[in-house]
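Single chain ahead, written as structure tokens, the form predicted alone.
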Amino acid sequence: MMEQIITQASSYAAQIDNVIHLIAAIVGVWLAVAFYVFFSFIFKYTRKRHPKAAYITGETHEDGKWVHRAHFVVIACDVVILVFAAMAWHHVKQQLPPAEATIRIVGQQWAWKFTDPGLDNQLDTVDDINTIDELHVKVNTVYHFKLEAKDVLHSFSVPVFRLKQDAIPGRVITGWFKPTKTGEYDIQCAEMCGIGHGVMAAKIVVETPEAHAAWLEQHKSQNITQNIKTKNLKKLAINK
């Protein structure tokens, strides 16, 4: 059902959608029961049929059993939801699969900066590729990301991945995703981060291996030159 509203484009998107479907189904059943009881009582206990209302304190076992029985069923439903939610949480947040590539993501007012490891697949080397508000990744590849915030709280959100992770200043948070569908999708900041929060949008481009290799090759020489210049400038500043 969620797939009809928004595309599933990561390996764990379906599992998270299933938790949402489960919650919607359970809550929907109880909503239907509540409406049925509510309107049944309205039509059954009209003033015409029951001109004098009975005063019920609910202290007797006979009066209270209907509340207690429903209460136990609701608790059982809560336990079912918690079990499935905990399984999804453990899979997404605590069970990181081995990384095939690692990227760096930095949120700042009001843009996203991405660092791709380049052709050597190693971060913090001269062939790193830095981009602003545009992240290129390869389909069916497990990515780890190192998420940072440069100034205030941000939240890295990719709706089609069902991914949302807060970025906290002073911390590097590791997460993962595995894109499963090529295309261009939205990235958003899901944490109010200042006056420009509404324009802090970016995009993620999920490419085939061939297209991604071509993108890496295209940016290789340009970024190597830029990174060398940046390192030389830093050395000059330190020497001064």
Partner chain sequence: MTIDHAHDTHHHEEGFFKKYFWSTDHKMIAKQYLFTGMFMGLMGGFFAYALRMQQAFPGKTVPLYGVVTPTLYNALATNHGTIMIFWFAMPVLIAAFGNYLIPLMIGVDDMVFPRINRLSYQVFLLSAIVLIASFFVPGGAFGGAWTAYPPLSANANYNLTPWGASLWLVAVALEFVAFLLGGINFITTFMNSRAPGMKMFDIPMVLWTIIIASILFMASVGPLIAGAIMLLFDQTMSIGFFDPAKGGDPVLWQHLFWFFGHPEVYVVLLPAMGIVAEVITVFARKKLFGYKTVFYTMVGTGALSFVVWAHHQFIAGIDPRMANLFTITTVLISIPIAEMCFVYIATLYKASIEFSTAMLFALAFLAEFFIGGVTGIFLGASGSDIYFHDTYFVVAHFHYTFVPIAIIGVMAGLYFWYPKMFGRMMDEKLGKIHFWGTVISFNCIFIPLFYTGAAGDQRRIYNYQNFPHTNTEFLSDLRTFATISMVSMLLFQIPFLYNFFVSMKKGKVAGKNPWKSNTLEWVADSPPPHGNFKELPEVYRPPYEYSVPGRAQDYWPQNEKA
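Note that the structure is a prediction, hence the values are computed from the model and not measured. Residue numbers count along the first chain shown, from 1.
Keep in mind the form predicted in complex with the partner chain is missing from the figure; the text below concerns it.
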Problem set entry | Which of 153-161, 96-104, 117-125, 137-145 lines the interface with the partner chain in the predicted bound form (heavy atom within 4.5 Å) | 153-161
Exercise. Is Asp78 a contact residue for the partner chain in the predicted bound form, using a 4.5 Å heavy atom cut-off?
Worked result: yes
Problem set entry | in the predicted bound form, His212 touching the partner chain (heavy atom, 4.5 Å) | no
For this session: Verify the contact flag for Val92: yes if a non-hydrogen atom of it lies within 4.5 Å of a non-hydrogen atom of the partner chain in the predicted bound form, no if not.
Result: yes
Problem set entry | Distance check, Glu207 to the partner chain in the predicted bound form, heavy atom within 4.5 Å | no
Problem set entry | Those residues of 180-213 which, in the predicted bound form, come within 4.5 Å of the partner chain by heavy atom | Glu184, Tyr185, Asp186, Ile187, Gln188, Cys189, Ala190, Glu191, Met192, Cys193, Gly194, Ile195, His197, Gly198, Val199, Met200, Ala201
